[in-house]
Structures are given as C-alpha cells and as structure tokens.
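Only one chain is shown below, in structure tokens, and it's the form predicted on its own.
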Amino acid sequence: MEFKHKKLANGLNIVAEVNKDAQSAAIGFFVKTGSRDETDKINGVSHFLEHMLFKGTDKLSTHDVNRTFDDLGAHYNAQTSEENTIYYAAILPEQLAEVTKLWCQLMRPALRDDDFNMEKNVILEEIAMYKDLPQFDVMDSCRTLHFGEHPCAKSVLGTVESIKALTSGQMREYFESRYAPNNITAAVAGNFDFEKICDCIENLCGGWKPKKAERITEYFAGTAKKEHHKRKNLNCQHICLMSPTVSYQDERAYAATLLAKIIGDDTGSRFFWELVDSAIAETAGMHCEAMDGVGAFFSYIRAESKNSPKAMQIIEKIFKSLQEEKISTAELQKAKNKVLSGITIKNEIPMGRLVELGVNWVYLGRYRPIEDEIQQIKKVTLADIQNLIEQFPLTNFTQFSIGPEK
C-alpha cells in the first residue's frame, strides 16, 4: 500500500492509501464538526445538516441523488458524532470518479426551506425513537451529565426544543462556518488512480473559500455526579458509567483501549465473568472513547431491578481491585489478541481503511499505517496499564441510570 497526500490551495486535504491489489475503492469526506462545535441554541444542527446533504443541490434533486448512487452501485451513507460528520461510499474502482463527483457536489447543498421544514419532522421522529431505546437514552444522558459545561456534553441529536426552534438561516450560517475546505479532509482508499481523483476533487472543490473553523479542546475530568430516573414500561435497570481517560492524540490511548477490553469486553472480561456469566446482569460492557483533547471510559449495564444493587457492588469491587491487584500478563495478552484481530479484519477492505485513514488525519494530521498501529498495540506493557489506572482511577465515575417506577 502506498500513502499519498495533496493539500489544495484553499486548505482542503486529500489523503489516500492506494492498494492496487484491492478489488474495490472507497471515498469519504470527513468534516471536523459535530455537536461539540454547536451552541445550546442550535444543538443538533450538525446531525440535521447531515440529513440535508442528501436533499441535493441547486442542480440535483433528492431523486437525482438517490438514483445516481443507486445507478453506480455504491454502498453509501453518512454519520454524525460529537466531533465529526463523515460522508462515504464504497464502490467498484471504475465507478470511483463518478461517485467522487457526486459527493463533491453534495458537499455544497441547496439547503432549501421546503426540504428543511420537511426534514425537521424526520429529526423529531428520530429523537422520539431513540428516547424509546433505553440503552441509547441512558448513554446519551450520562454523557451530558458527565461533561457538564464542557462542549462534549451536547447530544448529537439535539433536543426537541432546539430542533423545533432551529431555522434554516441558522443552519446556513453554521454550514458556512464549519464546512470550510480547511476544515474538511477527503480520504480515499483502495484501487484507484490518485492523480485522477485529485483532479476531480480540485476541479469541483478548489473554488471553495477557506474560513476560520476553531474548536475548544480543553481536557475535562468529568462531574462524577449520580442520577437515577424512573420510567414507565421498563422491567430492567439500564445503567451507564463514565470516567475520564486520555485523548485520541495521547499515545496512551492504546493502553486505554486494552484496559477497556480487559474489564468490559463482551466475552472473557472481568465484567463478563462476574456479571454476565453469573446471571447478575444480562449485559455488561465497557469501551474507551478517545476524543479530541479529552477521553472517557463508557460502561453500560442492563440487569433486573432486583439485581442492580448487587451489580453495582460488583462493579465497584472490580474498579477498586484494579488499584490493589495488578492486571495479569495473560489478561493483557488476551486483550491484545482481540484488538489486533479486530484491527486486521477491519482493515482488510478499503472501506475499513478509509475510516482509519480519515480519522487519523483529522485528529493527528499525519498518516498512520496499519503496521504502526499494530506495533503500538503490541508494545503496551503491564506498567503502562497500571500507570493509566493510577492516573485515571475508574472509581471516580459519573453514573446515570433509568429504571422502572416500582
């Protein structure tokens, strides 16, 4: 595989990993914007805007967009997080130029008032739908509780109130400030002609005007607050815990990923043996989310109401034991094997490599080949894990739970 990079005069970065042995290709536009870049007044606009791009441009209708993607045979989608909005497509190499042209056009959408008013109802329905999913709701609410006044506290979906009050003018203003070319990375992976794709992107995007698109990235240790909400029609307790850890830019993020695997992987972890295998909880897992300038461990537990106090006792015991009983060599090696398998399998296809390629450039401003990532995982030591535990004790967690009224 060969890495290539070109920066347009307006600041848009094109990063690519060419693999002539691949049977497919993938392209993605990574916009460094998400709910953390919004104000409370326009919370949810990033996700709403993601929907609006598929409504077309001044020259392309919604029907044109859907038909073109379909005619090309593209596997396409988009996603919005607290920090990034990503638009992507996986396709046959011979169709890559055409799907690239389509995405370039869609990155400058019409944002028509009629489309905006219609899509607003879709967003409100989506908020209602996720409110009916306790697992999503408890984790979203815990994030807000954990981050407090920090920008990462904002929900990706926004609130019913913020979406109802949002105007198309506010969306256009947000788009102009955040979808600047110097805040966008175009990533391409697989079997393709780099120069041809660069020419395509430059021809269609080279005239975009750069703008200042800053982000607040200060570290935040979390509030460590505890809240419980009662809700009708629930039979189980849904519990989310969050505690601080390192950012994406910190090399210790590899150790944090491994620690989360040791504690809360869905098989063979401490949570699994002490909570799930013992039938105290139906589900118990942990993952590490390393973000821009800040990071957090997320734990999600679902258990019968009668078992939830016992589940929390066990979790606190597990967290405390980390500071008293060191992680074993066998536990660390097992976690490494799992993470390395996941990385290798995901990166065997261009679509898997695309996300790593784009995200690494957005956060680090550099290329990180899979071989380097594998080596970083392999070289994590027990001392690295223990130092992380000492600096970021998991006992200092925020807790949000939702359970039945009785």
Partner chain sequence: MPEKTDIYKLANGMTLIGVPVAAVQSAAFEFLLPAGASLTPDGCCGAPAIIEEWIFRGAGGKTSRELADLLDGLGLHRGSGVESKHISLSAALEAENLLKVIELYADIILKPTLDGQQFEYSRQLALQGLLSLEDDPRHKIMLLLKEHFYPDPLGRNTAGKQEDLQNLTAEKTKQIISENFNPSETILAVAGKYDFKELCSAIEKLFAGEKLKKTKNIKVKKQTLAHHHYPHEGAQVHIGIMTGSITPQSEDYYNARVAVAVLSGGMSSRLFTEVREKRGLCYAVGASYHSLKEIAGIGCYAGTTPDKAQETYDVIIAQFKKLADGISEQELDRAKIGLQSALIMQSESTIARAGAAATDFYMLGKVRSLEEIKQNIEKTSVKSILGYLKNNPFEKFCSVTIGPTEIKPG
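Residue numbers count along the first chain shown, from 1. Note that the structure is predicted; figures quoted are calculated from it, not measured.
In what follows, reference is made to the form predicted together with the partner chain, a form of this protein that is not presented.
- Screening T217, T159, N77, S81 for any heavy atom within 4.5 Å of the partner chain in the predicted complex leaves a single hit, N77.
- Contact with the partner chain in the predicted complex, defined as a heavy atom within 4.5 Å, holds for exactly one of L234, L204, A224, A165, namely L234.
- Heavy atoms within 4.5 Å of the partner chain in the predicted complex are found in exactly one of 176-184, 319-327, 145-153, 281-289, that being 281-289.
- Every residue of the trio A90, D132 and L340 has some heavy atom no more than 4.5 Å from the partner chain in the predicted complex.
- The partner chain is not shown here, and in the predicted complex it never comes within 4.5 Å of any heavy atom of V15.
- Taking the partner from the other structure, the partner chain in the predicted complex has a heavy atom within 4.5 Å of a heavy atom of K55.
- Interface membership of D193, defined by any non-hydrogen atom within 4.5 Å of the partner chain in the predicted complex, is ruled out.
- The partner chain is not drawn, but in the predicted complex it has a heavy atom within 4.5 Å of N121.
- Residues K334, N337, K338, L340, S341, G342, T344, I345, E348, I349, P350 are the ones in 327-353 with at least one heavy atom within 4.5 Å of the partner chain in the predicted complex, listed in sequence order.
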